[in-house]
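Next up: a single chain in structure tokens, the form predicted on its own.
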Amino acid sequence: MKIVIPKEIIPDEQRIALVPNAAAKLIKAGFEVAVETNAGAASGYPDAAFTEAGAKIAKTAQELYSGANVILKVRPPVLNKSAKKHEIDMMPSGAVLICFLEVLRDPGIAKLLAKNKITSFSMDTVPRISRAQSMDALSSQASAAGYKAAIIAAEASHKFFPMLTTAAGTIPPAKVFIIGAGVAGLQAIATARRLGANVEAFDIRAAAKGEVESLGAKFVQVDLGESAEAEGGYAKEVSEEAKKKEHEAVHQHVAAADIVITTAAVPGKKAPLLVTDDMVNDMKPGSIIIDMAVEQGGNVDSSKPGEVVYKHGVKIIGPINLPGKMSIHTSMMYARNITSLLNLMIKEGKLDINFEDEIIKGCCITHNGEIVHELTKQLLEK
């Protein structure tokens, strides 16, 4: 069985789907592993490290895909400008593709995969159950993103994070307010706390209170009058009345903060607007906002993907692909996630995909020329 790892061609994507030590384990298990040249260079894994692990190096994407049985990627397939072909069109019919397909954001890619008879699995639809924890790439990458967001905030701020006692007087700690206490938010809280900041956090899921407080932050509790937790522990959209209560509670904490980090996202939907222009206007000049949901429409009024916007004396930063900026470690974590899922499909050295398994079934998008993922089908029918 030939397992291939192409170079990611989405701009600024530095991660790779498989690192050398993970490749070595697959090779030891009897599989052929091929890597496109320079696929790991941006994340600190040169071709030499892969050849030392026993992998073959392909000079072009077309050479790599030839005869491939399994294709491991980070981001969704896109047009390969140098080959003048879409990556999917270079994949052999019947091959298995595993990556972040992001079908809830762009379900149209499923049509092309089905047309080319690619059996595809999306890392962002792996069910969040205890048995799938080692495959939970959303969590591993979100953890890195939360850490990086706090570091960006500290670098951008004109204030010290910790309290300092100096000959020139005592400097109070920075006030950091984090909206959304999922994996990314919790890591941002932990990082800001390690840096010495005074941290508050809000999440519409009341169950997040214990996790926030365990990290030494204060939880801002609001009675929304309804449950805000969806299946799998995700947040869900709430009613307009609940949104109004949330807005009123969040406003005063945003206004008092030196730094606000927003992390709230709803899978498959536009990110909720949580920090409005009137809130930004009430913040102190020189304050910082990091909108981690900017690529999904943004939690913050006026935020723009990949840009820094100044509004009412406040710096609003919209960082994109934060996990990609931590590519050495995020590639390592992702490789563990993706090989854990792949191992679930292997029996006695061969592909043996059991669609009765709830993990396999839950993250399979296309198979035998058909779209089999129910939510993707529903989105395409709209």
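Note that the structure is a prediction, hence the values are computed from the model and not measured. Residue numbers here begin at 1 and follow the sequence given.
Not pictured, yet referred to below: the form predicted in complex with a further copy of the same chain.
Partner proximity in the predicted bound form, defined as non-hydrogen atoms within 4.5 angstroms of a further copy of the same chain, places exactly one of 134 to 142, 268 to 276, 67 to 75, 293 to 301 at the interface: 134 to 142. Not one of 92, 110 and 117 comes within 4.5 Å of a further copy of the same chain in the predicted bound form, counting any heavy atom. Taking 308, 163, 129, 207 one by one, only a single residue has any non-hydrogen atom within 4.5 Å of a further copy of the same chain in the predicted bound form, and it is 163. Taking a 4.5 Å heavy atom cutoff to a further copy of the same chain in the predicted bound form, the contact residue among 326, 61, 33, 342 is 326. When a further copy of the same chain is considered in the predicted bound form, residue 79 lies well away from it, no heavy atom lying within 4.5 Å.
At a distance threshold of 4.5 angstroms between non-hydrogen atoms, residue 122 is out of contact with a further copy of the same chain in the predicted bound form. For the chain shown alone, residue 216 is not a contact residue for a further copy of the same chain in the predicted bound form, no non-hydrogen atom being within 4.5 angstroms.
Mapping the unseen interface onto this chain, residue 158 counts among the residues with a heavy atom inside 4.5 Å of a further copy of the same chain in the predicted bound form.
Contacts to a further copy of the same chain in the predicted bound form (heavy atom within 4.5 Å) from stretch 20 to 50: 44, 46.
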